[in-house]
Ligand code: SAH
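This document opens with one chain alone, in structure tokens, the form predicted on its own.
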């Protein structure tokens, strides 16, 4: 092992040769290991056989999050990674106060770093990917089995009901910005295959909705 993880192991965790650790390849695999040596620029390990990470769900949840104000996106990514989300797509919608313009590299790198740190802290088997922003009218949900859009004016379909009538292993959730979705936008999402869902009688903030949906979905589908 090389790079920043070497410094973290030696300087922060203060691990030494002979200490037991658990390794993860970031792609859903993990193994038990013992540190064989610690050098200034590298750490080596004696490893046991690799297996699939026990922290990963068979259901993949991707959050399509309309861009929120200030530093809320970092909080959303951090907490949803801890809860089990698999990927994030920032979305530009009509009522977004923040407007991102290319190039996006710096912003995406920072968000991806938040995802990586949260994945390590929560012992995830993967590092969820943060993709480049997409305009709402250009979204495609072709790769998903089910898509749920949180809408405060939905009065009929709850997320729980929608989950039971639209099962699948690849689930997309769509959350609006501080001002929510316009009627035209929710219509666009429905035409693209999304199910408009209620998250209950209370209105949640945009930074809360994605967390609540991720937690509810994985609670419902995991054994």
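Positions refer to the first chain, counted from 1. It should be emphasised that the depicted structure is a prediction, and the values quoted were computed from it without experimental measurement.
One more form of this protein exists, namely the form predicted in complex with the ligand; it is left out here, but the text below deals with it.
Check your understanding: Hey, of 174 to 182, 161 to 169, 46 to 54, 30 to 38, which bit sits against the ligand in the predicted bound form at 4.5 Å between non-hydrogen atoms?
Key -> Selected stretch: 174 to 182.
Point to revise | residue 88, heavy atom within 4.5 angstroms of the ligand in the predicted bound form | key: The answer is no: residue 88 has no heavy atom within 4.5 Å of the ligand.
Check your understanding: Is residue 61 one of the residues lying within 4.5 Å of the ligand in the predicted bound form, judged by heavy atom distances?
Key -> Residue-level check for residue 61: no, no contact with the ligand.
Check your understanding: Using heavy atoms and a 4.5 Å limit, would one call residue 203 a contact residue for the ligand in the predicted bound form?
Key -> It does: once the ligand is placed as it appears in the predicted bound form, residue 203 has a heavy atom within 4.5 Å of it.
Review point. Would residue 150 count as a contact of the ligand in the predicted bound form, using a 4.5 angstroms cut-off between non-hydrogen atoms?
Key: Judged by the heavy-atom cut-off of 4.5 Å, residue 150 is in contact with the ligand in the predicted bound form.
Check your understanding: Heavy atom within 4.5 Å of the ligand in the predicted bound form: which of 199, 10, 24, 211?
Key -> Comparing distances to the ligand in the predicted bound form, the residue within 4.5 Å is 199.
Check your understanding: So which residues in 99 to 133, when you check the ligand in the predicted bound form, have a heavy atom no farther than 4.5 Å from it?
Key -> Stretch hits: zero.
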